[in-house]
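A single chain, nothing else alongside it, follows as structure tokens in the form predicted alone.
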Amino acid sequence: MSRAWIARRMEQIDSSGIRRMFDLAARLENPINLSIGQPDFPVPEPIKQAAVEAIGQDRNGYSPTQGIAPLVERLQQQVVAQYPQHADREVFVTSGTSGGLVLALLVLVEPGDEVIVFDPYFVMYPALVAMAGGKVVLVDTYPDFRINAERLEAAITPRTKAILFNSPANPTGHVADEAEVRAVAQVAQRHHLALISDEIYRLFCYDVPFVSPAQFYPETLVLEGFSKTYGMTGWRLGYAHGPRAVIREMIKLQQFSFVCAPHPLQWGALAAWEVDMQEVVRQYRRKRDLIYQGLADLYPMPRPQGAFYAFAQLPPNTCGQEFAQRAVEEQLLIIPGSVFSARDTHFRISYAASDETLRRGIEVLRKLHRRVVS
């Protein structure tokens, strides 16, 4: 009987392939976990201490829906400094970047609207668009994961409402250069489309500078967060900035959904502005090099330029799920590329792990390649 109660929208949403690996890792005795994009470094001490002090000072109730005033003011200062030509942009604190995505899509997308997503994509995008009643239209970026403006133009129809953009990208590690970003912004502006820019990995750029479409298109809605930068994925703290009309509707919807981001942890986020994370970025650049140099000769891949991920090509005539299962038999956890794409030609490696874990993973993957192609 209870099955009959479930809304039809749930038929469009599958359980996350990433979370399945997360659960599997908990059952393995000594997993080589290259599946989860979770930083392997601890939250810096000043941030933890600020959150502990906030709890001790009984800052444990609701905060204002838009966030505590000192954090909102600090975020607003940063946004104005980054985009002085768009000084009227507003900002508020979200319950994680994912929470910001939920609010953005529910505010912007109506049933039947189309949302353009670049393939490969972050696993949540199709599910969240479906939750809002929209339809995902994929724009292929293979083989180098660069955005082609002609493909983007060809995907636009009278039902197109928004473009969902992510750089540095999960799962590919691609960082869009200025020409790519400007092209996306120009298409959005020319067709009067909402442009949502997911910038959660913006700190992690190794070879090319980060460029936001907000530099070229003032109406861009930007979603950022603290989770990846400071290793606080469980704290669920993000922020959004963009056009006043959209931001105020998102704040209104947050009142009736997330209510507010976790109050004492916002004080920790306020302390984060005084913490320099460049050494962590240098370490992750080295981890990127370790993975790329250890595997690219057997598993072709564009050299990742940012984030924590490599998107590697499967051996010929290999199914992603089957390959991932063979890896599990060796205690290695990776994610099949079909979780992130309409294609089943790649798999994702997360190098947000210790050097020892990465070396073990490289060894297993090289051994698996010999077995598969022999």
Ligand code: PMP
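Treat the numbers as computed from the prediction; the structure is a model and nothing was measured. Start at 1 with the first residue shown and count on from there.
Below, we refer to the form predicted together with this ligand, which is not included among the displayed structures.
Novice: Please determine whether each residue of T172, C205 and Q305 possesses a non-hydrogen atom within 4.5 angstroms of this ligand in the model of the complex.
Specialist: No, the candidate spot makes no contact with this ligand.
Novice: Can any non-hydrogen atom of T220 be found within 4.5 angstroms of this ligand in the model of the complex?
Specialist: T220: no contact with this ligand in the model of the complex.
Novice: So, K228 and this ligand: in the model of the complex, are they within 4.5 Å at any heavy atom pair?
Specialist: So K228 counts as contacting this ligand.
Novice: Heavy atoms within 4.5 Å of this ligand in the model of the complex: does A269 have any?
Specialist: Residue-level check for A269: no, no contact with this ligand.
Novice: Wondering, does P44 line up within 4.5 Å of this ligand in the model of the complex on heavy atoms?
Specialist: Taking the distances in the model of the complex, the answer for P44 is no, it never comes within 4.5 Å of this ligand.
Novice: Counting only non-hydrogen atoms, which stretch in 248-256, 117-125, 135-143, 103-111 is within 4.5 Å of this ligand in the model of the complex?
Specialist: So the stretch in question is 117-125.
Novice: To verify the annotation, which of these, Q76, S98, T160, S212, has a non-hydrogen atom within 4.5 Å of this ligand in the model of the complex?
Specialist: In short, S98.
Novice: Using a 4.5 Å heavy atom cut-off, which residue among I200, L265, V181, V93 comes into contact with this ligand in the model of the complex?
Specialist: Partner contact (heavy atom, 4.5 Å) among the options: I200.
Novice: Note that this ligand is not shown here; using its position in the model of the complex, name the residues of 102-121 with a heavy atom within 4.5 Å of it, in sequence order.
Specialist: Going through 102-121 in order - heavy atoms within 4.5 Å of this ligand in the model of the complex - there are no hits.
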